[in-house]
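A lone chain, given as structure tokens: the form predicted alone.
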Amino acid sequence: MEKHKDGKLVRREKITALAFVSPLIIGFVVFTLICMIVSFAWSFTNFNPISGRMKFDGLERYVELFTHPTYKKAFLDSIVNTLFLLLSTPLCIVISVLIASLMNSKKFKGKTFFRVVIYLPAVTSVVAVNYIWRYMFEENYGLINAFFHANIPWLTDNTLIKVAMIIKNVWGGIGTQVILFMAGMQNISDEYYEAAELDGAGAAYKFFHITLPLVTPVLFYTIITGLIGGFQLYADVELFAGGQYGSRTIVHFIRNYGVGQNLYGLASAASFLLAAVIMLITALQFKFSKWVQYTD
């Protein structure tokens, strides 16, 4: 009898748990999984919802991305722009590690205040941040040009627009990463540093031989998430750069030719190529992650 009651209780708990997670499961299936399957099928067609045209063309959409006289240049340029903008990932990580190391020092005063200040970009509206930075980079009345008494065309030059976006993205990404690195550093036992000090080790030695190796799990996480996010940049292109050609990324290409020009087959092919690249890079990072030092 007791076993029967226990079995009913376990089943009831499972049903209750399933009821709680079912909205997430249903949302994933309806709005993600099914959409991915449909989009993958579209990538082998010339689907256009306006004309109602949909013909199976095999790999033609994938080939067009690299050979079509109209789409080739836009797609290849979007790849170059995306790769250039990925420079913000290592820059953000390096700066975040240095700031976290400084703030984690026992001599640093006002840690709580500076944590709040540094983390503010992470909780600020993306739209507001992009428009404020756009105002700062304006050629005629922007704060940056006014400070340097210059007329630098940040928002109109194809190269400088990417530099401006990198500066903005580094500023926006530091907050979260500093908090993560500080958490990792505070998890390091003081015994390591005390032993190093007894051997006469300086600050630089302790940073490169104790702090940095022991925060490699956090470093590994920030590299993976930073690259995945970098490959999917879109809001910056529209809100900050105003769609300027030198800022257009792969995701912008997908949106422009998909929703913008109703070439859903072409856009779907580009999206799955991007997904494949992201998965490949992530898999390679896990494959060659022996440099990550895990501690108990």
Partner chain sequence: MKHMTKIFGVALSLVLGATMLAGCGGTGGSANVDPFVNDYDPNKEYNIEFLGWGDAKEQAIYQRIINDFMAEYPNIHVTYDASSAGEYLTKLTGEINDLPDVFYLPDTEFLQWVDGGHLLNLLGENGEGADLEALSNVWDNAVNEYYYNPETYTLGKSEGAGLFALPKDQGPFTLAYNIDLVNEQIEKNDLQNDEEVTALFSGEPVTWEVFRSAMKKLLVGAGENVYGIPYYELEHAVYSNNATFFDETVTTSTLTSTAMVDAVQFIGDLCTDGITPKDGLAGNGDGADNAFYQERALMTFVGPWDFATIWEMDGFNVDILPVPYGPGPDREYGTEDDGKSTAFIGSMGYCVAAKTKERGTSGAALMLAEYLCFDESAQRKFYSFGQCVPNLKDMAYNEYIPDSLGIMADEGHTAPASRHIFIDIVDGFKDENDKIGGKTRILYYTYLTSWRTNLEDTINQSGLYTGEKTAQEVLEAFEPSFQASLDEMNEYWKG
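Positions refer to the first chain, counted from 1. The model shown is predicted, which means the values in this text are computed figures rather than measured ones.
What comes next is about the form predicted in complex with the partner chain, which is not displayed.
Listed stretches are 150-158, 201-209, 188-196, 82-90; the contact stretch with the partner chain in the model of the complex is 150-158, by a heavy atom cutoff of 4.5 Å. At the 4.5 Å threshold, heavy atoms of residue 140 reach the partner chain in the model of the complex. For residue 62, no non-hydrogen atom is located within 4.5 Å of the partner chain in the model of the complex, even though that partner is not displayed. In the model of the complex, the partner chain lies within 4.5 Å of some heavy atom of residue 245.
Contact check for residue 233: no non-hydrogen atom falls within 4.5 Å of the partner chain in the model of the complex. Shown here without the partner chain, the chain has only 264 in 264-286 lying with a heavy atom within 4.5 Å of that partner in the model of the complex.
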